[in-house]
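Take a look at this single chain in structure tokens; it is the form predicted alone.
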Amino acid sequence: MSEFPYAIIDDSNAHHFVAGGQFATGSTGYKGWRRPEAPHAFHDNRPIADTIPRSQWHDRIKTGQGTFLSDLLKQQKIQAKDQDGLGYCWVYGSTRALEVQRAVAGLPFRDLSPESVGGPCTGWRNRGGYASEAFEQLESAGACESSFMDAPHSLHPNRWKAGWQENAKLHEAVQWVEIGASFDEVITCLLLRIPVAAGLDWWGHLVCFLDPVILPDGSVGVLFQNSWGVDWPTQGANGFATLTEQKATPDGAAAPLIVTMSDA
């Protein structure tokens, strides 16, 4: 059997990935799932009617090899995002989920700007935020292409190309649905090729879940893509790593089911 290709984050090594740890190379900024004074009004309670039984997980994962969401990213050569010190994980992970859902819908890849999502929420300041803020902004205003920015990670929209707001409207996630804190629902979504934006309080971080995976010990975990650059956690990893069930069980999770179908 070939060596498992991805870093595995579990209880024994999770401390290396949080602030100050060996592999904590970026900023997070995650303040929680919902802004207390203005909770997000999800359109539906759940994106799925029933969870897929655990007894079917292994067979479905084996059958689906080569056709999961990470395979779609690899086929389109979509690289990991890099928040590069911005406290914007709550928009980076959510924007990546939108980009993945666009790919699932057969739309061409557009490198979308998380800053165009987080900036209006923070008053264009580098500060943390709630996942619900990102979802609301992506629903109401979308995310513009990064090419409209004057520089990577820019929070100076007065320097951006004219028309970035109109461009952002072409790239909306017009329906987010909540998954909540159920690992079974997370795995069901991933088996159905639905990307999941997952908030992890133990990490103070939000990332985009992509695939269900069978870990070397036979348990089922989650493959995700981080927003700390292509060389996290190892050179050339393109941001991919895995979480065990305990570390992947979210404190809040949601999926963008419907995206704007028009494009520039």
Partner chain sequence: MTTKHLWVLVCLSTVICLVIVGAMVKAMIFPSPAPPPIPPTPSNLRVLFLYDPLTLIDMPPAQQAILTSPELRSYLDKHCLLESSCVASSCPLDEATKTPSYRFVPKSADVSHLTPVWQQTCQAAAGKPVPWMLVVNESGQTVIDQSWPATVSETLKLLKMFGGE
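On a predicted model such as this, the values are computed, not experimentally measured, just so you know. Residue numbers count along the first chain shown, from 1.
One more form of this protein exists, namely the form predicted in complex with the partner chain; it is left out here, but the text below deals with it.
Of the heavy atoms in residue 145, some are within 4.5 Å of the partner chain in the predicted bound form. Under a 4.5 angstroms non-hydrogen atom cutoff, the partner chain in the predicted bound form has residue 66 among its neighbouring residues. In the predicted bound form, at least one heavy atom of residue 192 sits within 4.5 Å of a heavy atom of the partner chain.
Heavy atoms of residue 52 reach within 4.5 Å of the partner chain in the predicted bound form, making it an interface residue. Contact with the partner chain in the predicted bound form, defined as any heavy atom within 4.5 Å, is confined among 131-139, 87-95, 67-75, 117-125 to 67-75. When the partner chain is considered in the predicted bound form, only one residue from 80, 181, 104, 155 comes within 4.5 Å through any heavy atom, namely 104. Using a 4.5 Å cut-off on any heavy atom, the residues of 158-191 that reach the partner chain in the predicted bound form are, in sequence order, 161, 170, 175, 188, 191.
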